[in-house]
Structure formats: C-alpha cells, structure tokens
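As structure tokens, one chain now follows by itself in the form predicted alone.
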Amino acid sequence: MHLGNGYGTHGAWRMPWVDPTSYTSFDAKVRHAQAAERGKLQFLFLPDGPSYVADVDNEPPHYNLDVMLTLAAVARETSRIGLVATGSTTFNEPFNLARQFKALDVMSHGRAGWNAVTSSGEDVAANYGKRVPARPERYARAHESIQLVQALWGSWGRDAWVHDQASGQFARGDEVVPINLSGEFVASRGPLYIPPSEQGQPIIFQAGGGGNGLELAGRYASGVVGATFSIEDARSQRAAIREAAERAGRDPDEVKFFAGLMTTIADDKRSGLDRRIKLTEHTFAQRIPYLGQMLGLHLDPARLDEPLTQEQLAAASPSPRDPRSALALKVAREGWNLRDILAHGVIDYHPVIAGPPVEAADHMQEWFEAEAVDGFWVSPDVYDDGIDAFVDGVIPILQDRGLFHREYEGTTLRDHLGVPAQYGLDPRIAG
C-alpha cells in the first residue's frame, strides 16, 4: 500500500491547541511533513487554486500560500518523503513549469512530482485576465504542455554534466540542446539549463476527472488521486485508469490510483464524532438543507439533536445525483441524530473515518484487498495533532498486518512508487 498526505479541515484554526496564525507558517508545514516522514508515508500532495475561495470572515483561504515555496522549505528539512505539487497547464507556460519542478527535484534529491491539471474556475481565470477555455482546448493544451515539459526536462543530456575541474570542462555542450517544439497552444525552444536529479526528472500525477482527464492520466501519470465514496466506484475508476494506460502502450502497473480519506483518530467512535462536531458544527445549519436533498426529505435545522423519525426513514431515498447519499441514509438508519450524521462526514469530499485507529486501518485494508486502490491520500482533520495520531495509531496496525512498509526502500519518489526510469519524453508517447 502506498500513502500520501493531504491537508486538514478548514475549521482547524479555531482549535485551542492550534496556532491561529499557522496559515502563514512554513515552520508548521515543515513540522507536519516531518511527522508524515516519520510514518514513512511515500509523498505529500499539495492541491492548488490559485484563487480566493473561502468564507474569509470565518476561515483561512483554502489553498497554500505557494505550493512550490512550501515544498522547497520542506525539501530542506526532510530527506525521504516525496513532494507533489499541483501546477495548472491552463495558465502556466511549459518552460516555467519545467524549470520550477525540475529545480525542486534537484533540490530534494529526486523526490518531486507534478500534479498536472487543467483549470476550470472562472475565478482563477480572472486572476490571469482571461476566461476559461472550452474543455477540449484545455485538455489539448494540457497534452502539449506535458510533452513540452518532459522534453525540456530531458534537454540537458543525462550524462552531459562533466564538472571536471582538471580539464576545465563543465558540461558537454553538444548534449544540452534546444527542443524546438511547437504545438497549437504552446511552444518552447529550450534547452532547460538544469541537470538531472537522482531520479532523473519529476513524476507526473493527475487529479482530474471525466474522459479527458482519464486519457491524460493514462498517457502520462504515475499517480492518480481520485474522489470516490465506495469500493465499487473506486474499483471502477482504477480499472478505467489502467485500461487507459494500456491503450497508451504503457504497463498499467506503472499507474497507482489513490483514493482520498479524511481521518479523525480518537480513542472511540463517540470521541471522534465529538471532535468533528467541534471542528465543523459552524457549517451544520447550511448543510442540513443539503442533507435533506440527499435523502429526499425536508429537515429542520432546529432539530439537530434528534434522529430521523420512523416516518422520515420510511420516506427517505438516496439521491441518484450524489454518490454520498447511500452512506448518508445508512448512517441515518443506524439511529444517529442529525448532528452526528453530519459528523460522520457524509457531505465531505472524501470518505471520513472518525474513531479509533483500527477503524481507519480496517477501511484501508478492505479497499486495498478488494483491488479498489493502490493506496490512499490521507487528510487528517487537524494537522497539528492529526498527522501524529495517524502515524502513531494507524501506521503500526497497517505494518503489523503486512500492508505497509516499515522503512523506505529507496531515496527517490520514483523508488517509493515503483515507477520505471524515464528521462525526457516517454518514447512510447513521443511518436
């Protein structure tokens, strides 16, 4: 099983043991990364907007100050954990992406990954003075951009760096050459002036969806982060990604599929739910109407401490438009009140485990052994103590069950994920 580490619940800043200014603290990000590395997690994964998306009266903005600066700080204070950041192909030029990610790869001694995504939000586009292009155009540009970036990564020859002080030769100039590639949307002359890292070049991740995202992942990605709420759906998504990789002429085992998982690790179920209530109850009044839509019911926000009546349960049915609805109805039928139903995370963007470490381990084992996932992207509720709770509570159980490694087997992200060597364009794709 492979594990990545995400980010925490937005209500975490109000917890009394949390520094409320940690949104701007790179020291805090480093501390959290070191905890994940202590647990031998294979990588950190940082999403990115970049946009002002938040109820800033009550919450910090949803994204990191700057994903590349954050991972640069983390790279200097860690030695093994992989460092994956999101970079949009829609509003970034390939040369800039190639330079930033390969520099991070060199700085971290071969631990960098690029989550290559397209941007679909008009709020993001407005920050660049543009409109969001149509989906076909966004993905056509993404294909061109990834190929350009990989070509630029390989434009400094693998063995070009001589650095021979005695002879005075720094590099073999005939092996550092322009790429001169031009497409419909992007172009670059090159070369990129950065030698290879210990893993050669960064690894590609993908976190998009739909048919276009699937094709992008199948052609280029070594890691795919998905949003899925059931074993059946996860198995279907993983199979589709593997089939897309085969269509692109790749070995499907080269692509690892990660499902999201949000954790609140506590001594028991009740303590876990109470912690989540403390974190998220300020959203409950707004979420109750949506929960009602999921169940086909009218729910009263004033009756948070009451379970659904027998009449309501008899009339309830899961919404076909929201894949989380079946779980919401299952939790409701167990007799929990509305406050506890919401605390179970039935409206969160990934499955939620709130309770003792063994519950998280059981969930992960069940999905992994069902071949629904290759691993998980784990988002603890409160970073300040949530990542330690996961590392100290869940990881030892997975290790004792033979599901997770006890030590890093290599030094690079390519080693951690078992990704084949690659430098420059994948020759299977370049044609």
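In this text, residue numbers run from 1 along the sequence as written. Remember, predicted model here, so these are calculated numbers, not experimental data.
Just so it is clear, the following notes concern the form predicted together with a further copy of the same chain, a form of the same protein that is not shown.
Contact with a further copy of the same chain in the predicted complex, judged as any non-hydrogen atom within 4.5 angstroms, is confined among 229-237, 329-337, 202-210, 85-93 to 85-93. Contact with a further copy of the same chain in the predicted complex, defined as a heavy atom within 4.5 Å, holds for exactly one of D66, D362, D388, E371, namely D66. For the candidate set S317, T309, Q286, Q165, a heavy atom within 4.5 Å of a further copy of the same chain in the predicted complex is found for exactly one residue, namely Q165. Proximity of Y349 to a further copy of the same chain in the predicted complex: non-hydrogen atoms within 4.5 Å are absent; the residue sits far from the partner.
Taking the partner from elsewhere, N127 is found to have a heavy atom lying within 4.5 Å of a further copy of the same chain in the predicted complex.
The closest heavy atom approach of D392 to a further copy of the same chain in the predicted complex falls outside 4.5 Å. a further copy of the same chain in the predicted complex is approached by G173, whose closest heavy atom lies within 4.5 angstroms of it. The candidate site formed by Y23, V30 and L104 is fully in contact with a further copy of the same chain in the predicted complex, as each residue has a non-hydrogen atom within 4.5 angstroms of it.
Contacts of stretch 170-195 with a further copy of the same chain in the predicted complex, defined by any heavy atom lying within 4.5 Å, are made by F170, A171, R172, G173, V176, A187, S188, R189, G190, P191, Y193, I194, P195, listed in sequence order.
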